[in-house]
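Here we start with a single chain on its own, the form predicted alone, put down as structure tokens.
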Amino acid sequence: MAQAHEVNEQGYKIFKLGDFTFRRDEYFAHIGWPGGVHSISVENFLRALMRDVAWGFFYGTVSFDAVFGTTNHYGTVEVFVGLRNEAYWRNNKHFVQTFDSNQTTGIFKAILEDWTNEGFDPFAAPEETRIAFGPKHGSNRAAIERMRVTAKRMVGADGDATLRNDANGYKVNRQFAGYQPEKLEVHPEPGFENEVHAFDFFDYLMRSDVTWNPSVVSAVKHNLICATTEEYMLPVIHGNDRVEWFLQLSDQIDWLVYDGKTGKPRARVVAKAGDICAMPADIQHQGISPKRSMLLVWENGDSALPDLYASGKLKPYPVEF
């Protein structure tokens, strides 16, 4: 049975999830719970919510800001206020409820559909989209219903349909207009024509029409190679439950690193083209990219990792110097 929603004076629906209430006005998303109300710029909220939905709550914690977020338990999800904020939990002001992942996804998708106005694309860089503010006017389902790109084989190999090119409607991004694609030659031995393949990775990436949304371009067992373009600011603060690796392919991203439990600043990592860094399993991080840049992310999708790190059987960092 469809849930009836109250509609406020700006024309937006009001949503409930357990003891949480979600309201928006022309400028802000307001998150209510029995202990209070927290407000986030509605533009920032929708950008963060879009990633949380698209990633299936991702690995570990997705914080929308220093107060509100979700933690993935792979089947269930915690929705919280103040759980990664020392000032909240030391004063017992944090609030957490656990929900079925599908239930939470359904509510979050409904919020995105109703609160995303015509012309606003929460996946795009600010320069590439209209504003999120104002009273309710239209919608943009095409933007919020994009599917995360996942290659079945290497991108563009026979049987995989994820290649980005002009024929598939993917145009070169404005900030990569000067790049000249490589002319590739492949010479397979007879009988291996379907097994040997090459594609210009930069040409593929410079046609991405989203920011901060990794696409899986290659997978070997639990190892996922994810490609993404970044511009402006990662809309979430990601708290890891495993180590992940970043290879900066072009330009620069500054990573703002915070303690995983308290949220206190720990480091600022400047990654320039060719740099490789690991994000440990006990931190939170958020990236800023002044110019659109290319990033390669290596994720280990092994479901055993969160418990191994939480129990101390694995150290939260990959190497000791």
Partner chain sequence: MAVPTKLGSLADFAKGGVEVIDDDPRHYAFSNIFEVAAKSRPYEKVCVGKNIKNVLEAIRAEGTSPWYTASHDEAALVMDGEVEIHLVKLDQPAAREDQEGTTMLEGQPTGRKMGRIVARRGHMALLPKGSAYRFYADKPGVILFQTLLGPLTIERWGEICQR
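Because the structure is predicted, anything quoted here is derived from the model rather than measured. Positions refer to the first chain, counted from 1.
Heads up, the form predicted in complex with the partner chain isn't pictured, but that's what we're talking about next.
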| item | value |
| --- | --- |
| The partner chain contact at Pro188 in the model of the complex, heavy atom, 4.5 Å | yes |
| Partner contact for Phe192 in the model of the complex: the partner chain, 4.5 angstroms, heavy atom | yes |
| Leu249, heavy atom within 4.5 angstroms of the partner chain in the model of the complex | yes |
| Exercise: Leu305 in contact with the partner chain in the model of the complex, heavy atom 4.5 Å | yes |
| Contact test, all of Phe199, Asp275 and Lys291, partner the partner chain in the model of the complex, heavy atom 4.5 Å | yes |
| Contacting member of His222, Arg90, Lys171, His137, with respect to the partner chain in the model of the complex [4.5 Å, heavy atom] | His222 |
| Ala66, Leu296, Ile40, Val53 - the one with a heavy atom within 4.5 Å of the partner chain in the model of the complex | Leu296 |
| Which of 231 to 239, 94 to 102, 212 to 220, 110 to 118 lines the interface with the partner chain in the model of the complex (heavy atom within 4.5 Å) | 212 to 220 |
